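A single chain, nothing else alongside it, follows as structure tokens in the form predicted on its own.
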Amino acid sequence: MTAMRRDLLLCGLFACAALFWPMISDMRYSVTQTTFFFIWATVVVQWNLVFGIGGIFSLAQVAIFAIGAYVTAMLGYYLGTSMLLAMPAGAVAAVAASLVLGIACLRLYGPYVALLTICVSQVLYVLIVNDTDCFTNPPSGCMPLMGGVRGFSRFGDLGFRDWLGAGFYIGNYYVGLLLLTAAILFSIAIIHSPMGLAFRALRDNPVYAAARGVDRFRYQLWIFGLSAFFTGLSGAFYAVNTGVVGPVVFSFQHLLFLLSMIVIGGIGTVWGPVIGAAVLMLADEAMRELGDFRDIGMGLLLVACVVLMPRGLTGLFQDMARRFAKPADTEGAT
């Protein structure tokens, strides 16, 4: 079985198993937390394409995610746009923003890309937080154009409350599952395509790739823009799922949490980001009652994974599979 067929089979099995989770779990909390897992996993799967496959040390994914969320919320709040239209519009706006950012930063290398992209994210945060001039005056009080520190709320939903009543969160769950499945399929298609081979060549040996005619700027701009669609769409769905969008989506802590998922799961692999997202969310949930020690526990977990498993959990699983395969091969030879 080829690697691509194996990944497609795993994706199908994952989606089929996830279909039945709301039927198995009778707790609303577990279903809504799984929906958040779908959102964060979608972001890190696409971030892995940029960082792990494309070799672009970009920290702009959180900003792109936030752009998708803010555009969706603003369209619903100011124009009354249906969320079915606002969400794709937010994703397109995220792609446009990422292309502009990519043109500006992809001529740089390594840490300079990281510095520029994190600066852009923080500039957007500062602009939103310091936006205090009234744009509208609803009954709730002065509303700045970008929402200010209050953010946006009551801008619409996908209509599941009217269809499913108190079980509306199950509708959101399946939308999140569809979003993650599509993002994984897109990631598989990119990684196992000739384009993915070009990305890995640019990551591992840019001089040799350039000598073979691979245009670094063009290819990396492609992956920067393509991955932004699902990142922006996940931000749009986050806005719809929570019903609230505020400057907290730009937080540095949020960025580190998502980046840690890729590192723990395994950089540059198909399933590493998904596994890392699941492990970190379960660990975060397990440490929920620890209060201030929660962040310390998460930090120790990250350090332990980096030191003991430098290739992440997927690298550990691959090493274990090779060790179990060797005795079987030896017995077959004898």
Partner chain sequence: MTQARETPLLSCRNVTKAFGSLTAVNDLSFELAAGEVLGIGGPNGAGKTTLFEMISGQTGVTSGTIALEGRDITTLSPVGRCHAGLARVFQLNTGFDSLTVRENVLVAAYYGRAPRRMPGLRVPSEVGDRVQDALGRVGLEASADRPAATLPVIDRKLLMIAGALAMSPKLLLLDEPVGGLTQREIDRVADVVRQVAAGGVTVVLIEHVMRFLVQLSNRVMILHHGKKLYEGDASGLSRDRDVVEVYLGHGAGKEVARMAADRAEVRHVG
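These numbers were taken from a predicted model, which means no experiment stands behind them. Residue numbers count along the first chain shown, from 1.
Beyond what is shown, the protein has a form predicted together with the partner chain; the following relates to that form.
Participant: Among 91-99, 167-175, 110-118, 219-227, which stretch sits within 4.5 Å of the partner chain in the predicted complex, heavy atoms only?
Facilitator: Every other range fails; the passing one is 219-227.
Participant: Is there a non-hydrogen atom of Tyr208 within 4.5 angstroms of a non-hydrogen atom of the partner chain in the predicted complex?
Facilitator: Because a heavy atom of Tyr208 falls inside 4.5 Å of the partner chain in the predicted complex, the answer is yes.
Participant: Hey, in the predicted complex, is Ala189 touching the partner chain, heavy atoms inside 4.5 Å?
Facilitator: Although the partner chain is absent here, Ala189 would touch it in the predicted complex, with heavy atoms inside 4.5 Å.
Participant: Check whether Ser140 has any heavy atom within 4.5 Å of a heavy atom of the partner chain in the predicted complex, and answer yes or no.
Facilitator: Contact check for Ser140: no, nothing within 4.5 Å of the partner chain in the predicted complex.
Participant: For Ala198, is any heavy atom within 4.5 Å of the partner chain in the predicted complex, or not?
Facilitator: Answer yes; at least one heavy atom of Ala198 falls within 4.5 Å of the partner chain in the predicted complex.
Participant: Only one of Val244, Val214, Leu259, Val129 has a non-hydrogen atom within 4.5 angstroms of the partner chain in the predicted complex; which is it?
Facilitator: Contact residue from the list: Val214.
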